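To begin, one chain is listed below as C-alpha cells, in the form predicted on its own.
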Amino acid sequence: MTDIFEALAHPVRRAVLKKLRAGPMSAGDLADAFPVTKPTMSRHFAALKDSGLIRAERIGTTIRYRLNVSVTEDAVAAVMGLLGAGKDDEDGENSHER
C-alpha cells in the first residue's frame, strides 16, 4: 500500500489518474498533456504501474494506459479507513458530521 501512497503523492501522477478516468489513453497523448519531458513522464508512468494504479497495454508501437479500478478503489477504501469515514462513534453520529 505504501507504493500506492508514494505514487499518489505527486500532482502529475494524480492528474494522469484523473485523465484516465475518462478511458484509456496512449502514452504520447498523456505526455503531451503535461509540461514535462517525455523521460519524466515515463518515470511517472513507471511509478503508477509499479503501484498497480494503472495498467499498460502495447498495441503495435503504441502503449495505452488504463486506470486499474480495483487497486484505485482499494486505495480509496484504505484512506477512508484511516480517516474513520463511514464509521459511527459511540453516540451513533458519523464522525464527519461534527
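Predicted model only: the values in this text are computed from it and were never measured. A residue's number is simply how far along the shown sequence it sits, counting from 1.
The same protein also has a form predicted together with the DNA, omitted here; what follows describes it.
- Remark: K19 does not count among the residues lining the DNA in the model of the complex, judged by a heavy atom distance of 4.5 Å or less.
- In the model of the complex, the DNA sits within 4.5 Å of a heavy atom belonging to E6.
- Proximity of R14 to the DNA in the model of the complex falls outside the 4.5 Å heavy atom cutoff.
- Contact annotation for A27: at least one heavy atom lies within 4.5 Å of the DNA in the model of the complex.
- Taking a 4.5 Å heavy atom cutoff to the DNA in the model of the complex, the contacting residues in 19 to 44 are S26, A27, G28, P35, V36, T37, K38, P39, T40, S42, R43, H44.
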